[in-house]
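Taking the form predicted on its own, here's one chain by itself in structure tokens.
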Amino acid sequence: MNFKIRRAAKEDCKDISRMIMDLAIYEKMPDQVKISHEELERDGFCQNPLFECLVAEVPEEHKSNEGFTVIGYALYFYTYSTWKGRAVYLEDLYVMPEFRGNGIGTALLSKVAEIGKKKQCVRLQLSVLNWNTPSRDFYAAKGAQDLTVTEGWHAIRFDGQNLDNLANEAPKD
């Protein structure tokens, strides 16, 4: 299949937003999506972007059944390990179902790895839901380690009222 991987542009945010919802539906969490394409535009296409994004695009003659040519994305950002140094975190990797199996997911993942290596990142990290065997198998086939199994790490999150409560405990300046 003919496709290209390119850096996302501000004009891609509606397509990215659409695919974020598609991914959330697949992950059985559509009610968790609270972000709009406007927030993606604001946060990813400003002077100091909070994330970077790649999109997979097919020519018009290969557009999706719904008429889309932007058919996949990889959204990532940089983190830092106090043990290892620079790292890249892959927040989302998504390819529309009708385009899977054509190397698009591999191309997106490999491009994120290449970008990370150029920025001297020593690792690429991501999270996968425990029931998502196809994705876990995909990453394992590429050489990814399941840290839950090998190191026993747990994902921890503060949000909503718990985040507010924690922030309110901060020492006052």
Partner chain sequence: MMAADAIFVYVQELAEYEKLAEHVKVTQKDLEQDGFSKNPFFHGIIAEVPEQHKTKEGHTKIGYALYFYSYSSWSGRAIYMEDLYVMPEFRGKGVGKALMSKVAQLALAAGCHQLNFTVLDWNKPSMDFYLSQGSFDITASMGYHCMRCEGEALEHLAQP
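Computed from a predicted model, the values in this text were never measured in an experiment. Positions refer to the first chain, counted from 1.
Keep in mind the form predicted together with its partner chain is missing from the figure; the text below concerns it.
- Contact annotation for S64: none of its heavy atoms lies within 4.5 Å of its partner chain in the model of the complex.
- The closest heavy atom approach of A167 to its partner chain in the model of the complex falls within 4.5 Å.
- Within this chain, I20 lines the site of its partner chain in the model of the complex, having a heavy atom no more than 4.5 Å away.
- Interface membership of F51, defined by any non-hydrogen atom within 4.5 Å of its partner chain in the model of the complex, is confirmed.
- Residues of 129-151 placing a heavy atom within 4.5 Å of its partner chain in the model of the complex, in sequence order: L129, N130, R136, Y139, K142, G143, A144, Q145, D146, L147, T148, V149, E151.
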